[in-house]
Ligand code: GLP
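Only one chain is included here, represented as structure tokens and corresponding to the form predicted alone.
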């Protein structure tokens, strides 16, 4: 596991955007194979998407040969609902880059057979050879996608009932009314994420500090699904200084030391 500590949310977002662009550019050397990118929604990746849009507009990166798979989607929200993840992705990212519509894959939370929809999603990922880079954020309880505490670390894409804590946390997007927040969602599993060739998780803010500490210093546990990254051969966590508040001093200094040559995001595209 690598831990990249950035000063603040803006530099965190820029580092990840430049890293994603560098991976896409490297893969573009072989046009016969598309780059398969797993994507999150929510407040954490918003800055990264804005940075990627700027890199695209400057001609630094192209998404023409990129296929995306989103982590999750609410059950029952129309795709054009302002809080659906379909709406979020198209409004905040896809409509501003040159990705092909047929290369965008987002779970259908309104499918007649939700289990079949989850199976279809898993099968398509496997058919394409798996995810090259899966991006994600975490909740204050350390959950990845909607794999909340207690989720199996070998879980696959499935229907998931949301916890009260997650519903309360997400109510800020629904006029602070928990009754408007869907009770269930479709989500990739921890096993789905762990199958990716590379996983990058973004962690920002003091409210994620405990989760970051558990994910790095704690034991691997289904109660903190971020901890599964300890078992991945190519995992990166990019965090800001506020998220480091509960790390041991030795842990913080260790990662700052070994990654000091990799902190400048502009060198990632050189």
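Positions refer to the first chain, counted from 1. Given the structure is predicted, the values throughout are model-derived calculations rather than measurements.
Below: the form predicted in complex with this ligand, not depicted.
- For this chain, the superposed copy of this ligand, brought over from its placement in the model of the complex, stays clear of the backbone and C-beta atoms by more than 2.4 Å at every atom, so the pocket is open.
- Taking the partner from elsewhere, no residue among 47, 52 and 92 has a non-hydrogen atom within 4.5 angstroms of this ligand in the model of the complex.
- From the list 122-130, 176-184, 95-103, 71-79, the contact stretch for this ligand in the model of the complex under a 4.5 Å heavy atom rule is 71-79.
- Taking a 4.5 Å heavy atom cutoff to this ligand in the model of the complex, the contact residue among 155, 108, 84, 166 is 166.
- When this ligand is considered in the model of the complex, only one residue from 33, 43, 234, 245 comes within 4.5 Å through any heavy atom, namely 43.
- Residue 160 falls outside the set of residues with a heavy atom inside 4.5 Å of this ligand in the model of the complex.
- Within this chain, residue 191 is remote from the site of this ligand in the model of the complex, having no heavy atom within 4.5 Å.
- Shown alone here, residue 134 lies farther than 4.5 Å from this ligand in the model of the complex, counting heavy atoms only.
- Although the partner is absent from this view, residue 151 stays clear of this ligand in the model of the complex, with no non-hydrogen atom inside 4.5 angstroms.
- Of the residues in 133-151, those that come within 4.5 Å of this ligand in the model of the complex through at least one heavy atom are, in sequence order, 137, 138, 139, 143, 145, 146.
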